[in-house]
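Shown below, as structure tokens, is a lone chain in the form predicted alone; questions about how it binds or moves come after it.
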């Protein structure tokens, strides 16, 4: 009910959502008021080249229950759990979503300096595309040394089933890489392009095409990326591949644990998964 009244974008049935929350990597925290769910937040861990990160993916409060600090309490409840799993947290906020921005800032998050263009490619109805024939090949990275030109401090590739790093070679030379994180949320199953770096337009195009093909083979719904405004080359490569912009967004980031979280009363911070019963964030 809360998702339908706020985002209204989830393609999954209640049973499917229950399965995703009980068997998957996602965790949910609920705000309860007058015997019903009036808000929720979803969080999960991702593994990237910079290490583990706690992702605050969805935050929603029913309109009639806003203005009481529930969103901030939900964020802090989820972040308390995330601090046991990752050293940092982040969330994506639309530029015009001042209410969510203020809730995250009150919780202890801070905006990243750059604004980004959120690019999405829906995969429904698409078919595999043949590799480019411009002297560019793409393969899975197997050693940190393959990324040393761009990431000289990287000692080893993180081991995670959700992380894939692909490398482009052009005429036998390393020409770029893409860091891909497979995610499952209440809105979609897809691939997140965490980073896209290349020396040339053909290499960049080949990396984007390979990413899309991999997502199609895996039966996923979409591919997405947060592209910094200054990275015009990446934005053009994505647009040329059929991606579309959802608008201007910004990262909200925080080191974990959040300041002062340990001093909060423990009784008000509880996670609730469907089927478990119990409480939530009382109001």
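Residue numbers count along the first chain shown, from 1. Here the structure is a predicted model, which means the values were calculated and not measured.
Just so you know, the form predicted together with a small molecule exists too; it's not on screen, but the next bit is about it.
Q: Run the contact test on 60, 72 and 102 with a 4.5 Å heavy atom cut-off to the small molecule in the predicted bound form and return yes or no.
A: Contact check passed for all of 60, 72 and 102.
Q) With the small molecule left out of view, which of 187, 144, 120, 92 would have a heavy atom within 4.5 Å of it in the predicted bound form? A) Here the answer is residue option 92.
**Q.** Residue (of 137, 200, 182, 97) lying close to the small molecule in the predicted bound form, criterion heavy atoms within 4.5 Å
**A.** Selected option: 97.
Q: Report yes if any heavy atom of residue 149 sits within 4.5 Å of a heavy atom of the small molecule in the predicted bound form; otherwise report no.
A: The answer is no: residue 149 has no heavy atom within 4.5 Å of the small molecule.
Q: Answer yes if any heavy atom of residue 106 is within 4.5 Å of a heavy atom of the small molecule in the predicted bound form; otherwise answer no.
A: Yes, residue 106 sits close enough to the small molecule in the predicted bound form that at least one of its heavy atoms falls within 4.5 Å.
Q: Considering only heavy atoms, tell me if residue 47 and the small molecule come within 4.5 Å of each other in the predicted bound form.
A: Output for residue 47 is no: heavy atoms all beyond 4.5 Å of the small molecule.
Q: Spell out, yes or no, whether the shortest heavy atom distance between residue 239 and the small molecule in the predicted bound form is within 4.5 Å.
A: Flag for residue 239 set to no.
**Q.** Partner-facing stretch of 61 to 69, 22 to 30, 211 to 219, 224 to 232, counted where any non-hydrogen atom is within 4.5 angstroms of the small molecule in the predicted bound form
**A.** In short, 61 to 69.
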